[in-house]
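One chain is shown next in structure tokens, namely the form predicted alone.
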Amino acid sequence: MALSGIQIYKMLPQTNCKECGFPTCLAFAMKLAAKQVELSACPYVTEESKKQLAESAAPPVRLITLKAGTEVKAGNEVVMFRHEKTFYNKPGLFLRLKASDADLAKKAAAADAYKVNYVGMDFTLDGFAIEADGDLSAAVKTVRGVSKRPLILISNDPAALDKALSQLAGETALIYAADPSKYETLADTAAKHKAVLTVRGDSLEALADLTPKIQAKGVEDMVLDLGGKTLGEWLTLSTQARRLALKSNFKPLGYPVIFFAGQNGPEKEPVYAAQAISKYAGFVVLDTFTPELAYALLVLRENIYTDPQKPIQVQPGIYEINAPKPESPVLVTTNFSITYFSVANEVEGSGLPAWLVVTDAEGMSVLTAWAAGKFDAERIAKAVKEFNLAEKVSKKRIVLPGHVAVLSGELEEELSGWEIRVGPREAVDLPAFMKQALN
């Protein structure tokens, strides 16, 4: 039985130390009861209280981790909508491969090598789902020869799974899938190899009836296959399961879910995958790999799972564009990723050399940061001095973004001996400005 906020409060130190990030122990207790924080945030809770609070402290959706050369985490989410707090563990994107495929190694190697850079971050696929329409053990060996990413093993044959999992010592793989007609042996196999087990049922009621039985067999880590053959069915089932876990603390459905996006053909796969990423898959299995499909889904996933209160940022510093020389101009911008890449891409595309000073504006754009007092003359001057820019250039000339021309006078006072120029308002106009005004 879940505890109320008042019951939890009585077990806390009641010191109001604020080290948990909340002004009072009562406020923290209320958040803990609502599954919006973790008990570990309180540094002074006693071991006795930890045991009593274990149920209330446990996340409503169990954290599942697949491990190999890399890790893929799903679950541990505490909200229905990202604006309430944020989503934490991005759904893993897996490519389904068939064990009988003659080009298995080639396909796995191509997908494993895929990497694309998006606003300073490298995106890749997360792993492979190997379907046992042939020798599963041989297929695992083949894939392991070209990739160390986590695996999903698709088979209902406990003997084949046992043989394949024996090759994955030290790893945590996902088995697909146990259903009411044949779950005992698969649960035993999962328990033996400490694997995660997918549970499949015809309805949410069937899943809720099956997960406690599998748990009684010694398998704590599970993933749910909710079914759903259409967008509407999947949306309904995934929302219901998530809401029951989060709002009603319904433990039998408190697990991440898996979705096979290619079940209705390649033409619908991108749409189905996009919805699964949005609502609320923990693992998404693709049947098709193309760079354009992977890129679109990876960017969508990043946008959804970016904390809306913490914009994507780049590291503050001096960036060299087109091999600048000491006499090349110095441009200034903030560390909001979109602002940085807008400026950097326009200058790089023009072929003109420049030094780009990226200041720490807490991830805000130029105008937003200026309005919030995070992008001012003092911060710009501090960045110029901290990064030793004077040692890199012979012509001390800085170009301010046009939107903050008002800072030019203050910056002249902060940076004695530097020429302050005001550039265009939009990044797209930088190349023309650099050619006409800075030569």
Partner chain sequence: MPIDIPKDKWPGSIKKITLGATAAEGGTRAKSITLGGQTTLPYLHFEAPTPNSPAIAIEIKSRKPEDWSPLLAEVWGEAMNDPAKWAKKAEEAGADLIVLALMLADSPDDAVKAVKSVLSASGLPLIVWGPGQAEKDNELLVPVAEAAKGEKLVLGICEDKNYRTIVATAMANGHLIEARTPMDVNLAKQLNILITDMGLPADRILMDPTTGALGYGIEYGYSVMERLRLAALQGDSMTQLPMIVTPGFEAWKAKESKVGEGVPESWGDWKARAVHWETLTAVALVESGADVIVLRHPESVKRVKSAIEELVMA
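Throughout, rigid core stands for the largest set of C-alpha atoms superposing within 1.5 Å between the two forms. Computed from a predicted structure; not experimentally measured. Numbering follows the first chain given and starts at 1.
Another form, the form predicted in complex with the partner chain, is not on view; read the next lines as being about it.
- Interface residue among 110, 121, 138, 235, judged by heavy atoms within 4.5 Å of the partner chain in the model of the complex: 235.
- The partner is absent here, but in the model of the complex a heavy atom of 300, alone among 79, 160, 191, 300, sits within 4.5 Å of the partner chain.
- Among heavy atoms of residue 250, some come within 4.5 Å of the partner chain in the model of the complex.
- Residue contact with the partner chain in the model of the complex: residue 101 places no heavy atom within 4.5 Å of it.
- Looking at residue 155, you'd find every heavy atom of it more than 4.5 angstroms from the partner chain in the model of the complex.
- Using a 4.5 Å cutoff between non-hydrogen atoms, residue 83 counts as a contact of the partner chain in the model of the complex.
- Residues of just one listed stretch (139 to 147, 330 to 338, 175 to 183, 69 to 77) have heavy atoms within 4.5 Å of the partner chain in the model of the complex: 330 to 338.
- Residues of 185 to 210 lying near the partner chain in the model of the complex, listed in sequence order, are 204, 205, 208, 209, the criterion being any heavy atom within 4.5 Å.
- Relative to the superposed rigid core, the position of the CA of residue 345 differs between the shown form and the other one by 2 Å or more.
- Once both forms are overlaid on the rigid core, the distance between the two CA positions of residue 335 between the shown form and the other one is 2 angstroms or more.
- The two forms, fitted on the rigid core, differ between the shown form and the other one by 2 Å or more at the CA of residue 403.
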